[in-house]
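Read the single chain below, which is given as structure tokens and is the form predicted alone.
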Amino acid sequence: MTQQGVRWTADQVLALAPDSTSRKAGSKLGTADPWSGTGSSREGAVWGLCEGSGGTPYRTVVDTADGTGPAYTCSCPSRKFPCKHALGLLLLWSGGEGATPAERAPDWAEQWIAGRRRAQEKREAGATGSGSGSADPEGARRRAERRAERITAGATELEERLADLLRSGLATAEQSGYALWEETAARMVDAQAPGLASRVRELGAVPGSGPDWPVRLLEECALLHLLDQGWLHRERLPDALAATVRARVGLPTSPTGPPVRDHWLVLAQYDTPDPKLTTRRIWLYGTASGRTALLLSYGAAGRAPELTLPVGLALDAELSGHPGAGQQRVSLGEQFAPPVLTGTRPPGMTTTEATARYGETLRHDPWQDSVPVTLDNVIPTPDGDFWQLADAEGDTALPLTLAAVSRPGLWRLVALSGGAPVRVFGECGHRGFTPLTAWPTGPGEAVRLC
């Protein structure tokens, strides 16, 4: 159970906000003025009544000890998750025990908390009782065969379209506009190959995006051709590479490796929304295994995914790996204690070692955009109109990606460094380095950059 003295920082609370508007509104409610009847339990629940625009205060409860991250309920009409009242209550709680004293929960809060506990027990019991496999293995096999046939037809059609593009010349891609790619992506969705559809949509953003766009378009088309050919000849591939191809075209995967129990540090958490789905990526580092792992969680468009693990926490849990060469994705298994704050940091490497690690990964997965690395003893420095992370004791540097340069996190990183070396966790790939979390050289908490 969560210990009463273990409280999150304000930065960890605000990392839960679904958008910047909620973050700002929640910050305004992080004081005692609008709240009454606040309290907390040793099991990790926090509750309170918040003044609203009407005469009846909003009833807000947060369960910080839920197995999949904090859970929330509020009587306000907001459809955001968490709402500004839940964020404000957590900010109040993070400020110290005086604002949310330990006491018995009121009936309205206790009913919701008890319901959450019962639901969690049922989930755990169901997970323990499952494992007998599909109720209809023959039906599952036939469905898998039909889907594979559709994907094969889609990959064959995509090969024809790529060949048509090369025959007519890359310049036609700029003239045709995005509609050409969107129509092709829709065909891949019909073929039940969402991975191919996603890569086709990414191609649509390349034409006209800069002076070297034809080169980049040709490179991306080559990778897409390689993935098509991998699928069409998957029976000739080594098992690990064939599993990677299946995952890249969009087939769902299930964890196959034995569960690994460790104390997993939460290195980073960020969302990547699209019109239909919000994907949350959570990077973890095992202090004993030395493994960096990726948890994925999904939510409907406009809603934050349920799984939430703020940066700076550590959880004692089992993770099971998914199949594939160089695969870092894992599924969260049994948790032996709620997440707690920790000052432990992952070990770092040089910029040269980081690029070498990415190169090694490409040998096993040519479609890998980036790999997670922690850089040690680096200094953010300007490079013309761009920025880079330079080794403090060497003459090498990693350029930051264009996306990283345009985010406010860059200035938090520069302020944290102040010209001194820092340790930075992020994603290193062919477009550069994207910083996600940083630590000062001396004592200090992790600073979220994404």
Partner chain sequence: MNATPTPPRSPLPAWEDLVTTALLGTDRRTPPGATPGRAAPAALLDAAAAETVRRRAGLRPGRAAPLPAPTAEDPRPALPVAAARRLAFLLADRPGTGAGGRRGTAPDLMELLPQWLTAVNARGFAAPAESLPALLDAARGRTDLRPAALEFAGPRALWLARLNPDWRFALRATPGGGTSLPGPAETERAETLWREGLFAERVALLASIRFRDPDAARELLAASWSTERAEDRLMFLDSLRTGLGPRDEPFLEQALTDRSRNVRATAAELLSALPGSALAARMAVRAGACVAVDHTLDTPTLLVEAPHECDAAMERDGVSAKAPPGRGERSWWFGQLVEAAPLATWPARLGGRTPEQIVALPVADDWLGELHAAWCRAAVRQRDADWSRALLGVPSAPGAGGPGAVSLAERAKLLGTLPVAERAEWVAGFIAAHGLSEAFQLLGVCPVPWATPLGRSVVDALNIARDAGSYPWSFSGVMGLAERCLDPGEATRLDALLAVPDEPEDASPGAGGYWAEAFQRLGRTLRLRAVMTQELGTPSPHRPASTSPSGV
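Numbering follows the first chain given and starts at 1. Model, not experiment: these values are computed from the prediction.
What comes next is about the form predicted together with the partner chain, which does not appear here.
Contact with the partner chain, judged by heavy atoms within 4.5 Å in the predicted complex, is confined among 142 to 150, 263 to 271, 219 to 227, 109 to 117 to 219 to 227. With the partner removed from view, the residue among Leu362, Leu237, Leu296, Leu277 that has a non-hydrogen atom within 4.5 Å of the partner chain in the predicted complex turns out to be Leu362. Proximity to the partner chain in the predicted complex, defined as a heavy atom within 4.5 Å, holds among Gly333, Pro194, Pro214, Gly257 only for Pro214. Interface membership of Asp136, defined by any non-hydrogen atom within 4.5 Å of the partner chain in the predicted complex, is ruled out. Using a 4.5 Å cutoff between non-hydrogen atoms, Glu51 counts as a contact of the partner chain in the predicted complex. In the predicted complex, the partner chain sits within 4.5 Å of a heavy atom of Glu160. When contacts are judged by a 4.5 Å heavy atom cut-off, Ala185 does not count as touching the partner chain in the predicted complex. Heavy atoms of no residue among Ser176, Ala179 and Gln327 are located within 4.5 Å of the partner chain in the predicted complex.
The partner is not shown here, but in the predicted complex the stretch 412 to 432 reaches within 4.5 angstroms of the partner chain through a heavy atom at Arg412, Val414, Ala415, Leu416, Ser417, Gly418, Gly419, Gly429, His430, Arg431.
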